[in-house]
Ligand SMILES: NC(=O)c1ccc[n+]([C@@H]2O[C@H](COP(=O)([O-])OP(=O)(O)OC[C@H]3O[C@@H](n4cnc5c(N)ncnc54)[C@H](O)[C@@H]3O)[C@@H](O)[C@H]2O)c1
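Take a look at this one chain, the form predicted on its own, written out in structure tokens.
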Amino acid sequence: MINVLFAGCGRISDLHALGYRDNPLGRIYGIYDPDREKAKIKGALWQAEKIYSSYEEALADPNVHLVEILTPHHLHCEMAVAAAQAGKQISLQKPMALNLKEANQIIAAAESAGVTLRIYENFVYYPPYVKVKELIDNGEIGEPLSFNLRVRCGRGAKAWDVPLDAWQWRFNPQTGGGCPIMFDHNYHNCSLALYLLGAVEKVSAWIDQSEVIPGSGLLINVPAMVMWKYRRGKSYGNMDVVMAPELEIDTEHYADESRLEITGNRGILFVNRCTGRLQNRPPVELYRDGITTAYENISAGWEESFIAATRDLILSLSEGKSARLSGQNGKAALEFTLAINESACSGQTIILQEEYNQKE
């Protein structure tokens, strides 16, 4: 049984916890959060044995095998390095760091200590995206030519109630690394683009600003338009991100939604939902040779991606295997995310350097 420490009990931890329900290989053993009362509440809910007063106390516990770091981004580097030095396996919430220098420090610490470093990214475990990856690899659309992603942020009557303190640190560049949508959330999109079609050669982006709430003066970095060229053949990608405050989205999670279209030289793949639902269409559709095939029987709840990501890591660790989503792949996705913002600020096309292992 792998004993897991949850370092951080923010909103996203509820989804991380799902993969440990009835898991015969791993359990939530201990919890640390600066808000001790919050830690106690989550500890009771998840039946954790230990509530720690400090992160140092938790790392000193020999019964802790794996640390799930679920804290604000500016704490990732320090906490991951400390976990590695304590000999703990590491699951680090995305994005792995604020910059590439910190990413290198984390990777080096894990390698020096000989511990597993997995960068948590649930989108590449989302069943519709996994199905699309399978179809691409099987040649169902031929040679991929374009990746087109549309992201819409709106409102939802059933959407998550996200506490104000969970938003505030994301709007501070010193703690969140950049504005929430095009840094924090956009890491998901960049990771997905790499996972499906491989390494990116160069990127250009245009990012505007909008008020989160009209009259509030609080700005968020949308609308945005991003274009990039893959290293493979003549494959290109683009993404547009829009905030539409009056757009109602059917969701039990964040009030945003993504729709993906990948065109190959002999067919087109569509993913029609992710965190929510905008259309009454199958999760995945394949158009080829004049025929549209609908893949209806795919589990499409967003929470399924978290369950799959957690269970895959625990299974890999229990079998002594390398974890998917290595530090290097996390660094490549971080570089892509940072390059988008750099291009928008500089007005220049940014060349990417990091390698990405699409077979992970």
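These figures come from a predicted structure and were not determined experimentally. A residue's number is simply how far along the shown sequence it sits, counting from 1.
In what follows, reference is made to the form predicted together with the ligand, a form of this protein that is not presented.
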Full three-residue contact with the ligand in the predicted complex, heavy atom 4.5 Å, for 10, 70 and 95: yes
Given that the ligand is not shown alongside this chain, does residue 75 nevertheless sit within 4.5 Å of it in the predicted complex, heavy atom to heavy atom? yes
Quick one: is residue 35 in contact with the ligand in the predicted complex, heavy atoms, 4.5 Å cut-off? yes
Give a yes/no on whether residue 270 approaches the ligand to within 4.5 Å in the predicted complex, heavy atoms considered. no
Looking at the partner-bound form in the predicted complex, is residue 254 within 4.5 Å of the ligand by any heavy atom? yes
In the predicted complex, segment of 259 to 267, 135 to 143, 180 to 188, 220 to 228 with a heavy atom within 4.5 Å of the ligand: 180 to 188
Between 46, 295, 52, 306, only one gets a heavy atom within 4.5 angstroms of the ligand in the predicted complex; which residue is that? 306
Find the only residue in 79, 149, 207, 243 having a heavy atom within 4.5 Å of the ligand in the predicted complex. 79
Just give me the residues of 103 to 132, first to last, that have a heavy atom within 4.5 Å of the ligand in the predicted complex. 122
